[in-house]
Every structure is written in C-alpha cells, then in structure tokens.
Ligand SMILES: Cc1ncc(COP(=O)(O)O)c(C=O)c1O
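Only one chain is included here, represented as structure tokens and corresponding to the form predicted on its own.
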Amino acid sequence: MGEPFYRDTWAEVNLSAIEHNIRTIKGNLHQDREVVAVVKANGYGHGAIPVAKTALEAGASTLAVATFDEALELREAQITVPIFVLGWVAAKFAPIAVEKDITLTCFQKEWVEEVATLDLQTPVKVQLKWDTGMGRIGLRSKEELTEVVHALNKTACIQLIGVFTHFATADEVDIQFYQQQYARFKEMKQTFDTLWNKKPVAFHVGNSAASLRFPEKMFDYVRIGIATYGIYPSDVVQKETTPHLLPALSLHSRLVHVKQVDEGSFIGYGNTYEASQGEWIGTIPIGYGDGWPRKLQGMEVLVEGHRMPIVGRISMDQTTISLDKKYPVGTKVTLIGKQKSDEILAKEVADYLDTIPYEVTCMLTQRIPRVYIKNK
C-alpha cells in the first residue's frame, strides 16, 4: 500500500496495529463512551488519512486535529464523519467550517460576538474549551465562562455541541494536579449547567493517559492521541494499565556503501569519530533532513538482529554506522522497530534524545516514504 518510492529509506505503518489499539482502548471503556481518534500532525507522523480511515473502521466515531488546514485535508479525502479542530481558528473562517461541517473550538467572548456578525444561515458547530490547569487556551474563571455562555445563549449562529478540557499531568506518578484539574472541571460544569439554556452538550476530559489509567472517570468521549499509534504516554501509564498496545511505526533503511577503513581514519563532519584498525563502516541514506537528528550520534541500530552504533556526525542525508563485519550493500537496517529477537522502540530513541516518543514520530519528515501494511 502507498505510492511508489525510489529511496532505500522508508517507514512502515502497520494499520492492523492501529486497529488493534483503537479496539483495545474502546473495549476498556464503558460501552457508552465514544472514541475520538486524534490524527493531528499528520497522524503523529504516521499519515493522517490512512490512520483516520483505519481508526474509524476500528470503532472511532470522530476525528480530532490541531489546525483548520488539517481538518480540510481530511474532508478533501472524502472523510465524512465529525471532525473537530482542537486549536484556535479565526472567526472569519466560520463560513468555511459550516460549508465543510467542521467543528471549531471556542473560548473567547469576542470570538462569539464576531461570529454573530457573520449572519450565518447555518450555525457553526463549536466545542467550548476550559483551561483547568494546562495554561494554554481556554476559559479559566467562572466569570469568563458566564460571559461566553451568555453570549452563546444569545446567538443563533453558533451551535454548542461539546465542552472539554486537557490534563497536564495525567501521565505522571503524582496525580494530585490531575485530580485538581478533574475537580475544577466538575466545578465549572456545575456553573455551566445553571447557565446553559439550549440543547444538552457532550463533555470530555480524557486524553490517552487519563483514558487508560482512569477509564471509569471519563465522560461522554475520550480523545485517543499517542495511544492510537501503540505508544504509551509514559512508563507509569504502561505499568498501571491492562490494555496492551502495539507500536504501529517502524523505520528502516539499507546499506548503500560498506568499506573497511584504516586505524586513524575519520568519519563524518568535524572528525568527531576516529576509526579503529580495519573497522567496517556502513552508510545509510537518512539524516537530519529526514528528521533523524544529529544528536543520535552514538545511538544503536539493528543489522541482521544485531545492534550497531551510529558513528560520526549525522549529516543532512546520510548516517554512518560501525559494523561488526562486512555486510552486502542492500542489507536492511532498522532504526525503529524489530529485527529477529531485538527491538528498538520509539521510546528508546526518545530517551536517547531526552525527549518523548511523540516528538520522535512527529519529526520524521515527508521525505521518508510511508508504506502501509496490514496483518504483519
């Protein structure tokens, strides 16, 4: 599956793993809970459209993205289910949102008032964002909430269909702040319920971490982001939850050159690696231009199931590795994924970079072809 490509570097995305993850998470929830599959940032680097279609087949009912452009891309792919933009979208684009049936996020009284001036024939669907402690966007106080709800009650141009918040620490050992945010959401909900005089709306608080750790505390929807892709939000989430997730993405390349070098030979920019006598060096066509950063110098890759270190600075387009023997040109090299009895997870790469797996998969650029497979 996928378009033809002409490089010896590619990422494989196992759609069967995506399907398994959605079904497993949905099965762990109360049967009335709906699953929102989050496919922002090109499906966390996996490919938004193939992931979205697979997640829907597996039981997700709604898709969520971060930007209006991402939502429009899904509509252009003939995806007709509800699509929800989690980030801020300018009020002037409300008519396009109506035309394409895209739900926007709302949290500013001025935004509501601007939409009300557009004289929309069909109301734009919105969800209200409450900032219970994340500190990015959303209504923070009861006073702000009261103003916005009053404004929404007065306009026929906006149809409020949902209310949500986002947790900052649901994936951490200490859940005190998570509990504070949860309590804050319930307090704001009490205020909202006394103010809202239109149709009932849906409520949702659950990201991947909260949905996996506290499934009994979820409201109407859960928003499954990183867990869709078989990556646990943190070690504590993995230890505390029973659903077994399958990683969907693996990253591969092939040896395009193999040479034996003399002792004292330098490899790569800056002469940062000096080879030992008779050392075998292999080159693979991937570099920081593909989202494989320079800081991964020293990280290991898999060749025929054995770990080999990256040596020398990673270039924009090429990476060199130290081999334990001569291998034929064309030998497969796995940077993320499984070979024989060993496996390098995105988390291992993230730990080496002192970051999180989300960033590892998201930073893989479009220059790397994605190959979609099933039942493998």
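Owing to the predicted nature of the structure, the values given are computational and were not obtained by experimental measurement. Residue numbers run from 1 along the displayed sequence.
The same protein also has a form predicted in complex with this ligand, omitted here; what follows describes it.
Are His252, Thr334 and Lys347 jointly within 4.5 Å of this ligand in the predicted bound form, each by at least one heavy atom?
-> Checking in the predicted bound form: none of His252, Thr334 and Lys347 is within 4.5 Å of this ligand.
If you check Lys125, His166, Lys109, Arg213 against this ligand in the predicted bound form, which one has a heavy atom within 4.5 Å?
-> Contact residue from the list: His166.
Which of Ile224, Leu139, Leu104, Ile284 has a heavy atom within 4.5 Å of this ligand in the predicted bound form?
-> Going through each option in turn, the one that passes is Ile224.
Can you check whether Leu86 is within 4.5 Å of this ligand in the predicted bound form, heavy atom basis?
-> Leu86 belongs to the contact set for this ligand.
Looking at the partner-bound form in the predicted bound form, is Trp10 within 4.5 Å of this ligand by any heavy atom?
-> Trp10 lies outside the contact set for this ligand.
Just to confirm, Ala55 within 4.5 Å of this ligand in the predicted bound form by heavy atoms?
-> Because no heavy atom of Ala55 falls inside 4.5 Å of this ligand in the predicted bound form, the answer is no.
Heavy atoms within 4.5 Å of this ligand in the predicted bound form: does Lys40 have any?
-> Answer yes; at least one heavy atom of Lys40 falls within 4.5 Å of this ligand in the predicted bound form.
Picking from 216-224, 73-81, 149-157, 179-187, which part of the chain touches this ligand in the predicted bound form when contact means heavy atoms within 4.5 Å?
-> This holds for exactly one stretch, 216-224.
Counting only heavy atoms, which residues in 194-209 are within 4.5 Å of this ligand in the predicted bound form?
-> Residues within 4.5 Å: Asn207, Ser208.
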